[in-house]
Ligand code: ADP
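Only one chain is shown below, in structure tokens, and it's the form predicted on its own.
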């Protein structure tokens, strides 16, 4: 029997591992199963190329709990190790940077990049065990070896009578980690980290029942079978030509068993140059909420689960999607800052963006009608992408849609062609009218439609940011919400309406209105409009309203708009009969009552009348009826 000290540069390596990885101590099982998988796949490769002249067979990895003895066993049928290899790979641990590491990570104990950073996958076992044994027999014709360590740098290494090829790691679970002797906890970890490992993983047995014979002679027989908890051949490891629509849907259900709504479509990723990456991304149905559930894309390295926080790997606008990305070029244990600085990761992010854009473009070209039906469910991703990724914006111009309130859909190029003859201002700039709420802005929409104008329906919470982007990237266009200003002030007309009031009457009317209407909130404007238009129309300047909306969704704080008072335009139609009546009313109280009532009706149409003011309006209305 040999004894000795593990070759580390500090005596307190094991307390250090426990201290700094404690928040992530559950990953020990992932690390040990990953090692067992590597040993099995290496054996498969070497037998496959004829370098090892033995039968590969059908090896599996087995996890066993001995609760009474407080032991957890991880058993594989892979390459195994000789005594010399145990000495080389287990005892001679290079950890020369421990002191620097201690200083560097003292404030970030939850950083997940520690084990992989120092090649300490096996030693993660000491996060949960106060003693670890390795019993291993190599495929070579040599004696098996038995290594034992109690968590100090001291170890023992002796021969073993193990006959079968492979390695068994025995963890003597520490008192503070007895949760890992519970079957439910281990099953949870296997489902989380090892659900798609490429080698079958056995965890206990299950009972299956079969029928034999027919009629009265029929019998039921029960028998035990290995409980294999993983799918070694998940859909993303296959070629797209091997899969049909149902296969993709089944895999989605496997990934998200509690998600009952089917995805809209999927994108199969498969690239081997200049980096390796496979995966399947799904477009779920999305609503207009900004607080969408993210972190639903799972990142794997060679079928080993790494994280579901893919920020930095997947462009942020695509984190609303679901699915799997697998790349051996992404280290198994890395910090987020490392990922964001890694060249391969940046290439992967660009590739995914391009692939998504190409897929959306092909869906649009192949079946535009179907694409239009799905638009409301996918627009959040596309609009967010257009705002945040310039390369995606350039590609999205081909398939991004702009729906109208009448359910017509235009690309931007089509929209410009549609409105260029009718919707221009005095400077020949295209005026694109849009609504954000069909019900709240109904009267404004109807007025615009009556004049033959197209009104878009842009109702996502980031629309203010998007139209700002479009206005700065396009020439001679402006977006204006239908209730932002009166249409006749926005769009060039062949001839202006002639006011029914004289200049003197206009001056008198303006004085009367200013004495009643709160000028701190409303800027009164007199306009000659069609007599069928409303007498009082409240609008909010496009710039003010847009900056406020951008502030509310995280982009307007820089403009200092978040605390600004509400300001509105009050447009008074001088050609309306009621306005003439206000001007000609002789008694001041009646004149004031008519103005307040008209103003409140305009405010009511904009949902601006609330609380006490609404109560007073209702009371006044009943009095006027009486």
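Since the structure is predicted, the reported quantities are computational estimates derived from the model, not experimental observations. Numbering follows the first chain given and starts at 1.
One more form of this protein, predicted together with the ligand, exists but is not displayed; see below.
So which of 38-46, 584-592, 597-605, 569-577 is the stretch with heavy atoms within 4.5 Å of the ligand in the model of the complex?
Correct option: 38-46.
So, residue 122 and the ligand: in the model of the complex, are they within 4.5 Å at any heavy atom pair?
Taking the distances in the model of the complex, the answer for residue 122 is yes, it comes within 4.5 Å of the ligand.
Whether residue 279 contacts the ligand in the model of the complex should be assessed with a 4.5 Å heavy atom distance threshold; does it?
Residue 279: no contact with the ligand in the model of the complex.
Contact flag, residue 81 vs the ligand in the model of the complex, heavy atom cut 4.5 Å
So residue 81 counts as contacting the ligand.
Quick one: is residue 89 in contact with the ligand in the model of the complex, heavy atoms, 4.5 Å cut-off?
Flag for residue 89 set to yes.
Heavy atom within 4.5 Å of the ligand in the model of the complex - qualifying residues of 139-172:
Contacts from 139-172: just 167.
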